[in-house]
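Only one chain is shown below, in structure tokens, and it's the form predicted alone.
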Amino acid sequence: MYNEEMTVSIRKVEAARAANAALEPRRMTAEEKDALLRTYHPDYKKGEFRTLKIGANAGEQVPTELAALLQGHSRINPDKIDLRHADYDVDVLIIGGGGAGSSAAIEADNHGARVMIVTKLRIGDANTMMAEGGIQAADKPNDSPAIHYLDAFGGGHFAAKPALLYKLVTEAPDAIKWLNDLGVEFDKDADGTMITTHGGGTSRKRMHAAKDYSGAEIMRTLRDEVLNRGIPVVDFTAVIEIVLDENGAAAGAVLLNMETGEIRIARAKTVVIATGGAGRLHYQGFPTSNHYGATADGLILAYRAGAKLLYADTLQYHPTGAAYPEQIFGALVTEKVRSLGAKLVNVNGEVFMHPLETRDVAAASIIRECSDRGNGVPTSDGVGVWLDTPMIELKNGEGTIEKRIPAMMRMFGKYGIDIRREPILVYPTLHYQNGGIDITPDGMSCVENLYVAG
């Protein structure tokens, strides 16, 4: 599958594999990381951002592609919308049918609310389904939410909202238990103890996974629970405006049937936005690991309703998106591949960074290696570096890849690449929004009754 130039490079990778496997690359200092990010990370490219002129974030910078949508005109004529006659009337209207929306629906149903999910695709057509590596929670004896907090706060350059991060790390163990009790098949030892691995920037092994189908397994379980409970799901229907009452509180939404073009009105006491990310806007022309539905809908709906955005100028570029073959360009290569022992190697077979730096540092390191240093491997779509996957079985024994990351083995196997014997080419891919809508610890935006999940 690899061309002659790539094959020559692979020979160098193979010759250095044993030495590289034993190598423990040093981690960068804080000063080195800052300098690297400011020079190479896409968030720092000034020409790719615009200043908002209207709305709650007026005067702040957001990606050019997002600015055009946030400041665009409505798709509907308000004079032609009759809000007095609702087609749906519920307690909780949830916009989005992924993991966050489904979880919100289940919990609202547990508390006796009349719930409805509206999704522009189908329930489960979401980024949750595509997540691979796992979900983090400090639930092992050598770990704690406090240590998790420090890892996450430092990994985010101390920019996170402390109250939100506190909520995340302290409730994460309960969230894992909640999913496990619902039936999610997490990886476990023979005695039932959950198997955990390292993630980028973590000081403890706290990544819970279901092989490398973690998101699909979580979404399978949540979707079944929603459908078994009989919670109404209106699919192939996009929300195009949030409805506000006379006091400015969220009171429903205007819906557009994607198949017929018909407009419908949903009245609700509470609205939950759970629409996922924005990767399919392809900021700066980057490929993306995101689902086709991730087009920033929630950001735009909330902003038009008066909500404030948070960190809209920062995106997460996952360091290891598939760079070759072109059929899977940008597809996620889970961090679990590196947590199992694979290292990043340049065209000359040299390890150029610690494999488990935080994602922003790892992505910027790869970009630097391929640009200024000229040590990338040319591909049909650009350039990449090797992720030396055979190193996993060199370290952990034969059969580890098929057992722990079967989805990766199958994804590349379709194109004649056996990741047990050949390294794979990767380059950063647009992954998740670091921010989103500014919320309180209970999930509410600055618009009353407008909540956000996911």
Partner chain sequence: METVNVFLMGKKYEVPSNLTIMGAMEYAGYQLVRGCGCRNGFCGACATIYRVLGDPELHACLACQTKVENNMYVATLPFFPLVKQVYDMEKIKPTEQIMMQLYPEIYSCIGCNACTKSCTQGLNVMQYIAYAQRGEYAKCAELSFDCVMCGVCSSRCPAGISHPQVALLARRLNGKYLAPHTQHLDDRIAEIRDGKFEDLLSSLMNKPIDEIRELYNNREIEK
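Since the model is a prediction, treat every value here as computed from it, not as a measurement. Numbering follows the first chain given and starts at 1.
This protein has a second form, the form predicted together with the partner chain, left out of what is shown; the following refers to that one.
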Of 363-371, 163-171, 80-88, 265-273, the segment with heavy atoms within 4.5 Å of the partner chain in the predicted complex is residues 163-171
Taking the partner chain as it sits in the predicted complex, is D191 in contact with it (heavy atom to heavy atom, 4.5 Å or less)? yes
Report whether the minimum heavy atom distance between G382 and the partner chain in the predicted complex is within 4.5 Å. no
Going by a heavy atom distance of 4.5 Å, is Y149 a contact of the partner chain in the predicted complex? yes
Although the partner isn't part of this model, could you tell me whether E107 comes within 4.5 Å of the partner chain in the predicted complex, counting any heavy atom of the residue? no
In the predicted complex, does each of G397, T400 and Y451 have a heavy atom within 4.5 Å of the partner chain? no
Among the candidates G154, G72, G285, P232, the residue which, in the predicted complex, approaches the partner chain to within 4.5 Å (heavy atoms): G154
Note which of R223, H318, K343, K336 lies within 4.5 Å of the partner chain in the predicted complex, where distance is taken over heavy atoms; exactly one does. R223
Residue by residue through 248-272, tell me which have a non-hydrogen atom within 4.5 angstroms of the partner chain in the predicted complex. M258, E259
